[in-house]
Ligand code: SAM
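Below sits a lone chain in structure tokens, taken as the form predicted on its own.
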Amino acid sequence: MIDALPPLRDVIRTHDLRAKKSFGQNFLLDLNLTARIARAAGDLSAADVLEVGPGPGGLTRGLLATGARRVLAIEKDPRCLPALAEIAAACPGRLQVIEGDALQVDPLAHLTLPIKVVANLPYNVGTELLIRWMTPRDWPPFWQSLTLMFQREVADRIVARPGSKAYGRLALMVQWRAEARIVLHLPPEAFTPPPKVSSAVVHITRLEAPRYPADAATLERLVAAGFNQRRKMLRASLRGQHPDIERLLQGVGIPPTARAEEIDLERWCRLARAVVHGLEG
């Protein structure tokens, strides 16, 4: 039984699990908070769950206690494996732990659809993992939803709207194919050791198809060019993307003197279609 497991502080002391910077670790020990994160993922009783970087298993306990059908926990730090094994023993058949790098593990080899991803992501790989999950070769992806802890700054970038300082490539990449909202804010003191920044949990629900039609590679190339020089007008920052870029911008309703952060997702997609197909697209 999960309730019979010792407090996380005792687990950390027993297994000498001091957080390591090299693993991007900041442990969340308050089981009330880990339960709130698990609940933010919605009904887990009919889903398998992928968890990345479980550490001593605080969120893992929350996922199992909330009723997750099965949990696959991928942990890079071998010191954490004995603590996770204790949780697995308390929940026979419901927790599988893999020692390894989440960037290298294929979750479909271990989980059954539908799959939800819930994780207090290590800060050093969080954005990279999100980008991978949002840009698979085929859409829709293997996951139904992502409920992920990020630094507050990254969370703000994911949900940002046009015209804001946080609005950029990450917002467009996520919002093109999914709904995203911040569901929980956490101060530094919620973690051990406390990080220097606040954190937030973002819940991302996939769309079955992108919000607007566009070629993914073209859209990413245009957005990257626009935001890499975000102080420049688009007619300058996108000059290398098409020989007649100023006419295409005007044709899709984008003033050539506008800057990247002023343009909403729909018009970026319109521009991507125009670059590929001409203004008829």
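No experiment lies behind these values; they were computed from the predicted model shown. In this text, residue numbers run from 1 along the sequence as written.
Unshown form predicted together with the named molecule; subsequent notes refer to it.
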| item | value |
| --- | --- |
| Interface segment, criterion being heavy atoms within 4.5 Å of the named molecule in the predicted complex, picked from 68-76, 109-117, 202-210, 156-164 | 68-76 |
| Leu28, Leu248, Leu44, Leu219 - the one with a heavy atom within 4.5 Å of the named molecule in the predicted complex | Leu28 |
| Answer option from Leu121, Leu146, Ala83, Leu95, heavy atom within 4.5 Å of the named molecule in the predicted complex | Leu121 |
| Heavy atom of each of Gly55, Ala102 and Val125 within 4.5 Å of the named molecule in the predicted complex | yes |
| Partner contacts for 147-184, taking the named molecule in the predicted complex and a 4.5 Å heavy atom cut-off | none |
